[in-house]
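Below you will find one chain, with nothing else, as structure tokens; this is the form predicted on its own, and questions on how it binds or moves follow later.
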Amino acid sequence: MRELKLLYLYPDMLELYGDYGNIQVLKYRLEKRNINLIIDRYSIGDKKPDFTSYDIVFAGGGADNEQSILSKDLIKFKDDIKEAIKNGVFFLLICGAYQLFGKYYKGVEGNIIPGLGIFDYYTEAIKDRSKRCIGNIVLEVNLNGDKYEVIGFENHGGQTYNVKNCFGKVLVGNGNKFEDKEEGYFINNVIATYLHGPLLSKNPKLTDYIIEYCLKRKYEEEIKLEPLDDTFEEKCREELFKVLEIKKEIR
């Protein structure tokens, strides 16, 4: 029986708006194909994880206070994380975790939370706490040459700058900044995004992109995933598209 290993970073502190649901969706879609998902968790004080031994590393969203605490712990693993990314381990980073992998996060009061600096982007909060990028969001994403509409929910005051490889083009919503045309960060084995919801429950094709990538990397062979019955998921997507008045031109 094939299996994938997932490391869940700081589950006790980074879990906003149902982010753990992303792991549940991965597990569900893997098990439907008779593939096991082993889930390990790391929190402050636990034994140092071997990042390169995993197929997927996941970290969710957290508020400024949590990020300030976790930054001091996470930075100890900077070189290990860089090596894991270089070796092709897949990283899925949501909201606060997205910000922590950049250069820094500047809070409302001007305080600087150092990031890992693995990527060149940085985030600065606007001073007016009442203003946030919040609501449903739809992106046009390129997955191995195929355009796909990714649906999510954004809720962030931080404005992220200097993103060189965006996750997707914004069709509805804000994105990295207020009224931005781009959202998130994306390379072959890293998706960093503000999309909550959880992200993967609304986007089965995106979930399968991650699964297929990880299986190909681990088993070093071409993988053709068995199609699943996504009728319910697609109906939910269609209803949201109707609400947002998005024409289904991308399939």
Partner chain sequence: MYNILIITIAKILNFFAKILGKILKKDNGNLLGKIIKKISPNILTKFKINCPVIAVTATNGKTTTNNAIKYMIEKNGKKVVSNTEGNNMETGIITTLLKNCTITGKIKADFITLEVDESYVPVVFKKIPLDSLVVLNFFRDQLDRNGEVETLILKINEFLKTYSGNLILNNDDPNVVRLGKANKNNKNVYYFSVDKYKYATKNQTEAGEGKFCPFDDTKLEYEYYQYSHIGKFKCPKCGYGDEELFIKIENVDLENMSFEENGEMFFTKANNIYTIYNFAAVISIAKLYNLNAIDALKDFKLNNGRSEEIDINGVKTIINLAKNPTGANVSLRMLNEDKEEKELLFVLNDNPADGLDVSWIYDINFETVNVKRIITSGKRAYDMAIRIKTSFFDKDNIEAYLSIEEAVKSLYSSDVKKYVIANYTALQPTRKALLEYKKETKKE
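Residue numbers count along the first chain shown, from 1. This structure is a prediction, so every number in the text was calculated from the model and none was measured.
There is also a form predicted together with its partner chain; it is not shown, and the following applies to it.
- Taking the partner from elsewhere, no residue among 40, 90 and 213 has a non-hydrogen atom within 4.5 angstroms of its partner chain in the model of the complex.
- Exactly one of the stretches 118-126, 134-142, 176-184, 76-84 approaches its partner chain in the model of the complex with heavy atoms within 4.5 Å, and it is 134-142.
- Contact annotation: residue 208 falls outside 4.5 Å of its partner chain in the model of the complex, judged by heavy atom distances.
- At the 4.5 Å threshold, heavy atoms of residue 49 stay clear of its partner chain in the model of the complex, well away from it.
- Looking at residue 223, you'd find every heavy atom of it more than 4.5 angstroms from its partner chain in the model of the complex.
- Contact annotation for residue 28: at least one heavy atom lies within 4.5 Å of its partner chain in the model of the complex.
- For the options 71, 165, 155, 159, the residue carrying a heavy atom within 4.5 angstroms of its partner chain in the model of the complex is 155.
- Residues of 1-26 lying near its partner chain in the model of the complex, listed in sequence order, are 12, 13, 15, 16, 17, 18, 21, 24, 25, the criterion being any heavy atom within 4.5 Å.
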